[in-house]
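What follows is a single chain, given as structure tokens, in the form predicted alone.
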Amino acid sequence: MNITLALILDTFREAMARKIFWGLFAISTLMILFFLFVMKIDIVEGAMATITLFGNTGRRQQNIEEIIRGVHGAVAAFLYTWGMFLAVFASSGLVPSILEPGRIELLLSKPVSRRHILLGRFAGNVLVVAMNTSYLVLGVWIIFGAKTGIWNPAFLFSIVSTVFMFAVLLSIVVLAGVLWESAAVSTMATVAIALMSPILAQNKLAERLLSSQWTRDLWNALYYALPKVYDAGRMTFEIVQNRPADSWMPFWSSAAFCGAILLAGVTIFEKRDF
């Protein structure tokens, strides 16, 4: 446990030294201040007063809840897409950096297994992003709750889904970093797989458009094998809007992909000569 905490702490220190942690923290703070400002301006007060004037109390509460759910959905969608990709870009160099000459020899000279080193680095990266994501989502949730008196707990699910999918994409960064020791290649590989998700998600349309069975089978194989970034994001939006999820397949299949990729990265790392 002490070794694991030391590896995670080392990741935090490097994230702070590279200004990654503070950069994400600054962006989150700016977004919180933006929403704090928006909720203070007269147009918001006027909109809420108009709902009170032209509707009964029950209808007013329903309208405000719809507005808040819409804003929560927009914030969740923004955070899930742009926030997560920004975190991937910021974190892409933290894994290849441990493979730099001199540093990797120092780490391997310690009484720590290679698997422990790599997974400790992975966990540290996830915790850095989890802290910033929680800070942003909780900040926005508290601002809207304190202003309107409406506390939508479903909005907090965006923390879980964003951090989870970041961990899935980070596993690609880990594998690419072990293979090529390049932050740029790790980023490109991760973004390429993520961008394939909304395309592969149109598998029902592809089944009608593709002429041969083998191409349809290939499309479906890629869809089920790769992480469901698009589908998980759509599910997050639906859940934040207090709508039931159709299926949790995008999450558990993405978790299986993450486990397989991490296992591959660890296996290759254990067999490499440095």
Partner chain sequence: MSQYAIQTEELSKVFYHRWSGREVRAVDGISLTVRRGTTFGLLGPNGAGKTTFVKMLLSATHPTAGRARIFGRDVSDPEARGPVGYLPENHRFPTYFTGEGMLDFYAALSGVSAARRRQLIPELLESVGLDRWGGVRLGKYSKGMLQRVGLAQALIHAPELLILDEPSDGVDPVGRRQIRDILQQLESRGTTIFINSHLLVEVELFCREVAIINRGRLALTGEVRQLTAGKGYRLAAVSPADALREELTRRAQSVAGFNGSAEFLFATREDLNAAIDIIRQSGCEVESVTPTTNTLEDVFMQTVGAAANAKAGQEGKA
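Since the model is a prediction, treat every value here as computed from it, not as a measurement. Positions refer to the first chain, counted from 1.
A second form of this protein, the form predicted in complex with the partner chain, is not displayed here; the remarks below concern that form.
*Asks:* Wondering, does R114 line up within 4.5 Å of the partner chain in the predicted complex on heavy atoms?
*Replies:* Contact with the partner chain, yes.
*Asks:* Would I143 show up as a contact with the partner chain in the predicted complex if we use heavy atoms at 4.5 Å?
*Replies:* So I143 does not count as contacting the partner chain.
*Asks:* Indicate whether G102 is a 4.5 Å heavy atom neighbour of the partner chain in the predicted complex.
*Replies:* Looking in the predicted complex, residue contacts with the partner chain include G102, since a heavy atom lies within 4.5 Å.
*Asks:* Please tell me whether any heavy atom belonging to I150 falls inside 4.5 Å of a heavy atom of the partner chain, as the geometry stands in the predicted complex.
*Replies:* I150: no, not in contact with the partner chain in the predicted complex.
*Asks:* Identify, from the list L107, L156, V191, L200, the residue with a heavy atom within 4.5 Å of the partner chain in the predicted complex.
*Replies:* Here the answer is residue option L107.
*Asks:* Choose from 93 to 101, 73 to 81, 161 to 169, 130 to 138 the stretch whose residues reach within 4.5 Å of the partner chain in the predicted complex, heavy atoms counted.
*Replies:* It is the stretch 93 to 101.
*Asks:* For the stretch 138 to 164, which residues lie within 4.5 Å of the partner chain in the predicted complex by non-hydrogen atom distance?
*Replies:* Stretch hits: zero.
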